[in-house]
Structures are given as C-alpha cells and as structure tokens.
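Next up: a single chain in structure tokens, the form predicted on its own.
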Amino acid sequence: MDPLAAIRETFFQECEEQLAELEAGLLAMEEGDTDPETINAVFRAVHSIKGGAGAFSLEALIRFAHVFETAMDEMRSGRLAPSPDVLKTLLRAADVLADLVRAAHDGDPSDDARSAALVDELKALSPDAEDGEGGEEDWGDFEFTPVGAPDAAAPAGSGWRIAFKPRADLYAKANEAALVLRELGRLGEITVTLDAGALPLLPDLDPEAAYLAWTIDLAADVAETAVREVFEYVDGDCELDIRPLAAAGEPDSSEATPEAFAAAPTFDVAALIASVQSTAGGAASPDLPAQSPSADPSPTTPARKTEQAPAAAAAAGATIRVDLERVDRLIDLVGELVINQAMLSQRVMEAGFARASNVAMGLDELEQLTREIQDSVMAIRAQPVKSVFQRMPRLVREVAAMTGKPVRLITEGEGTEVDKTVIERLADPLTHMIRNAIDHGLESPEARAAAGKSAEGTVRLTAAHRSGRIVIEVADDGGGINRARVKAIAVERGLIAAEATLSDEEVDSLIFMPGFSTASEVSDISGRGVGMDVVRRSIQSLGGRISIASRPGLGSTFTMSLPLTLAVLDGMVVSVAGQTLVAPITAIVETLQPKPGDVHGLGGDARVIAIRDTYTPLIDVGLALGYRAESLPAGQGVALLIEGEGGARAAILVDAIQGQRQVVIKSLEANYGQVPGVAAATILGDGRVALILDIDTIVAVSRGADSTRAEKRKAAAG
C-alpha cells in the first residue's frame, strides 16, 4: 500500500473520532454545558480536521473548517454567546463538515451550494470576526521587531518572555505561527522579536522546513498557565521556553533571545513577505541580502520544552492502530485453539487418564489458559456502542426538519460494550427504528398540545447489558400503536384474514410484515412498506430478537436483544433424541428432574409443569424441532427452566445433560440456511457438529405448532 495512502486513510479515521467529539461537544452545549473546556474541545476538533486537511490539500474542507473554526474562536473568546439559535447553526455546520470529510474520503464532489450557505450563516454569527480568507493575517496590536533592529524598550512591570521556535511538523499540520502570536496579543501588550538567522538563500530553501524563531515579551499580569494555553495546539511541534520578565534580564546561553542572535544578519521583513507573495504570483523575486556561507545556519534554541510534551507523548503511545483483518484472523485462530483444546480433552478422557494424573492436570491448566486467551482476544474487539449512537442526533435533526416535528433525543448507556461485528450491523436497524419513531410514533405539535403534552417529542435510545446479552431500546412518548388501524390495513392488504382473532402483541407484530405501512402517502421518509421488516431480518441475522411494548396515548418501546459477541458462547450441552444440542447458558435459570405428578396436560400436546407453586409451560425440544413425533412421557428427561427477554418463563425438556462448556459459534445461515429454533452451530470436541438452540424461537414455534396440531385434530374429529 502506498505510504501516503495509508497516512491519508489514518487521517480520515481520526476525522471520524474528531467529528464524534465535535458533535458530542455541541450537543452538550445545547444541553446547557457551556464550560470553557467543552468549547475548547469543539474548537480543537475543528482545528485538527482543518490541519489534517491542509496536509492533503483538501481545499473545500479547509475553507469550510476555517470559517467554522473562526466562529468557535469567537465563542471561546467570549464574543459569541452559545445561544440556542447559534448552536443550531453550529450543529448544521458540523453535519456539513462531516459530509465534506466523507466526500473527500470517497472522492465524491461536495455540495458547494450547501457549504456556501452555511459559510454565510457562520460569518453572520460574528460579523466583526476576522475572516482570514484571501487577505493578510491580522497580527493583532503588537510591535514587530526583526533581529538587528534597534532594541525596543522592554515592557515595564510583570510579564513573561517567551522563546518560540516552530518545527516543520507545526506547519505540516496546517498550524500558523502568526495565529499563535495573535493569541498572545490578546493577553496583553507584547513586543515580538524575529530571528531569521537560520533562513538560507532562496536556492537552498526547503519549503517544508522551519527557519524562523521569535522572542516575545508579554507585558501582562497573567498566569503562566494562560500563556501555555495559547501554545496547547502546537505543543510538541515547537521549542518553547517561558520565563518571567524579571528573571529574563540576564539571558541564559541556551535561551533563544535577541542577544543570543546578535550576530545574525538583518532582514527587511516587509520586503521578504512581498518577495514571497510576488513569487507565488509568478513575479520575479528580489534578491535577498547576502549571507555568509560560514555563518551558523541554526541559532541556539531553548533547551527546555513544555512539561506537557512528555505526557502527550506517553498518551499517544498508549494505543495502536491495527488492521481489522489481523484481529479477525487472530480471533479465528483462537477459536480453532478452543476447538482443538476440546478435542484434546475428549481424547484424554476417552484414553482413561485419571483426573489426578499429570496429563489431566496439565490439560486443566491448558483449558484455563485457553479461556483467558480467548477472553482477552474478544476484549480487543469489544467497543462501546457510542460510535453508533453518535450518528443518531444528526438523523433526528434531519427527520425532525422533514416532518416539522420538534424532537429531542436522549441517549443512555453509550459506554455499553459489544463486539465490533455487532456494532457495524446496528446502524441500519437503528436508523429505520428512529425514523419510524419520529414519523409514525410522535404526533404533530398541535396534536400533542391538544393531548396535554409538550410540543417537543422525545425519543429515548438506551443500551444495557442484561443476562449476558446487549439490550437496546428505542422508545418514544407519542400516541402509541393504533391497533385498530393496523389490523384494518393488514386485512386490506391481504396480510391476515378479516375474521382473524389476534392479541395486542400479535397486532403490534404486524408492522414487521413485509409490505406493511401505516403511512397514508409515500414520502421521503416512509410509505413504501419497507423498513420494519428489514429491521427484524437484520436483528435475526445477528442472532437477536425484537419486541414491541405499546400503550395508547403514552408511546411505544422497541426492544432489541443481541448477543454480546458473534464468536463464542457459554452453553449447556444436552442430548435430544440421539442428537447433541447446545443451549445458551445465559437463558437458563435452573435445571430440575420433573416428577410425573408435576406435569399436567392442557389438551393436545400442550403441557405445564408445577415449579414452586407456579405453573410453567413445558416444551419438548425434540418434538418442537421434529426429532420425534411424540413427547417424552411425564417424569422422563431433564427440564431446563429458561427466562425469555420479556421476563416470561418456560421449561424446555431434553433427554439428558452432558455438561457445560464454551463453544465457538459458526454461522449456520451462512453455511447452510436459516432453521427456525436454531441460532447457529458449533464443533464439539469429538469433531461432530452440534446445533445451538434459539430458546425464544423454540418457545414461539412450539406454541404455534401446538395450535396447528390442535386445529388439525379438531378438523379430523369434525
């Protein structure tokens, strides 16, 4: 891969992080957090994107980021108040900035008209702010003195002497020394002395090098931390020394002061700037003053750097970027290690080694070590859902603008971690669900006011770990599902029979059927009958489930339950009609041996089991999956008490339990096809393939099969 292309890709990856930080900061400000550090964080994000874009000459991105950065600079200086209208403009500017980054990454043309409109709005926020485009930099109100000119009088009173020498990296990141000097000028009166002693003749000049240094005397009673804050954006990319003016009277030999460069040649700085500008315009540049070849090209530079530089370097070295394919390969290898370790255990057990033998003890240690390796490797792929959640505020703003409904998004549990594979496939389902919640769930402002609600609707997006799975909820405070209308539309479109009797839950589930839509007309948001069926298929492909809870007039909650990882599973290995199956242990509450008197029939094949004075549905797994035609007799087998996502309990009946072990998940749908009641497959220690049960689906399938068998018997009897 081209090294420059690799660097460019890294830049765009970092842009995603900066854009996330940018939007998070603006949303925090919208919630009332106007802490200076929050404003500075937003400014730094825009500034970093602009700096990186400069290294790759992304002109459209640079121009827009510059105007955005100027507006944020006005806000952090206190000249622009973070009012609601201002923040709405900044949020839309963040959306445009994200689009420009995406267009630059994909090589697509940018929407210049949209960018220009936002540029005008940003400039209108602070009409007195410096534009900086197409003109000379505003150097602020300070005196500029080249080395060799008559010494300017040092400012009286307290203050600071700053020796500042940029490195080439500072300019490579699109930072500007002039802007740093301007910021210092805002702290108080300053006298700036330029040292150009290292500047070579024009034929020897490297356009990517750094030759200039400055000494600045700041006559202001400010803390040193305030001075260092000016340099925080170039920290590590310059040599910096800050001393009190009183202690700077006798310069140290290692200090970059005017006296240290007394022998350096003098330059007409105005002529030098004019020369550079004329050269850029194609005109011949005037001759520079002659410089002695024997002159030392590099002045003495300050030896002491800022104290923050080592800390920044340590923080930068705390993480590394690794290609995702390498991580996936590592996880696959660890999965194979687990399978081989299970096979080895099986063979040792079949060989008849005693549990206390050295071989068996060594195998136990290998099993423990393998488990630790697997947990550690899986933790590498674990990421917070924040990366997905942070995309939703923009979606909410866009859909709210299209529907004319004021909407407030509340997110909780952004730090909940889940496997990266799951995160990558969550964006589309969440997008459909949030669009559906705003378009169909929330009423119009007028209808909400008539119902005694706030005109602003609320959509709540939450994530949490529950029973070894991740549960994500999308809830709205709208009018809830109009079940009568849903059923009528389903009958009209031939999805159900007109005489069908459905429970509330079954009516709610109709919205997941392909082709179903409650929209009266097709719009940019909905009405084509696609969306929620896509959501259900996407969730099911991840081994998850989705359910609905709706209350008329109060709103609806869509709950998605997903596995934390698509790679490994703690399971209970069971036998059913001669087949070996695996039940996810997170769904199992307890196991018990049913007694004949505890099992009761309800007609047909439906049965319940009495467990501590409560009756729980009993489902024969062999019968549900078609392994046998008749249920096990009462009192035989082992019952596994399970708990579904909604909290409802059931008992599944198996022939026997073989043991508990961690298994590597292999996709059955990708390698064979989707099977109701089966979530995936795995390879056992003896090399055989075992199916992993989808407990909730088995319960649903079994209840449906019971109803079907009962109807057949009734029809046969009639």
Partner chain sequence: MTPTQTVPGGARELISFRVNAQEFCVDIMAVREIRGWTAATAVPQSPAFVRGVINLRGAVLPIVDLAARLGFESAEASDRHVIIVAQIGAQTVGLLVDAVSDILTVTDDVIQPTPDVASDTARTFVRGLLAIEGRMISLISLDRVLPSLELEAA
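These numbers were taken from a predicted model, which means no experiment stands behind them. Whichever C-alpha set is largest while still superposing within 1.5 Å between the two forms counts as the rigid core. Numbering follows the first chain given and starts at 1.
Keep in mind that the form predicted together with its partner chain is missing from the display, and what follows is about it.
Engineer: Which of these stretches, 22-30, 682-690, 653-661, 55-63, has heavy atoms within 4.5 Å of its partner chain in the model of the complex?
Structural biologist: Correct option: 682-690.
Engineer: Quick one: of Leu184, Val576, Ala490, Ala624, which gets a non-hydrogen atom within 4.5 angstroms of its partner chain in the model of the complex?
Structural biologist: So the residue touching its partner chain in the model of the complex, by this definition, is Ala624.
Engineer: Which listed residue (Glu336, Glu224, Asp120, Glu372) meets the criterion of a heavy atom within 4.5 Å of its partner chain in the model of the complex?
Structural biologist: Answer to the contact question: Glu336.
Engineer: Determine whether any heavy atom of Val678 comes within 4.5 Å of a heavy atom of its partner chain in the model of the complex, and answer yes or no.
Structural biologist: Val678: contacts its partner chain in the model of the complex.
Engineer: Given that its partner chain is not shown alongside this chain, does Arg44 nevertheless sit within 4.5 Å of it in the model of the complex, heavy atom to heavy atom?
Structural biologist: No, no contact at 4.5 Å.
Engineer: Is Ser667 close to its partner chain in the model of the complex, meaning a heavy atom pair under 4.5 Å apart or at it?
Structural biologist: Answer yes; at least one heavy atom of Ser667 falls within 4.5 Å of its partner chain in the model of the complex.
Engineer: Using heavy atoms and a 4.5 Å limit, would one call Asn671 a contact residue for its partner chain in the model of the complex?
Structural biologist: The answer is yes: Asn671 has a heavy atom within 4.5 Å of its partner chain.
Engineer: When the two forms are laid on each other by their rigid core, does Val46 show a Cα shift of 2 Å or more between the shown form and the other one?
Structural biologist: Val46: C-alpha displaced by less than 2 Å between the shown form and the other one.
Engineer: After fitting the rigid core, is the C-alpha of Asn482 off by 2 Å or more between the shown form and the other one?
Structural biologist: The answer is no; the displacement is under 2 Å.
Engineer: Answer yes if the Cα of Val678 shifts by 2 angstroms or more between the shown form and the other one on a rigid-core superposition, and no otherwise.
Structural biologist: It does, since the Val678 C-alpha is displaced 2 Å or more between the shown form and the other one after the core fit.
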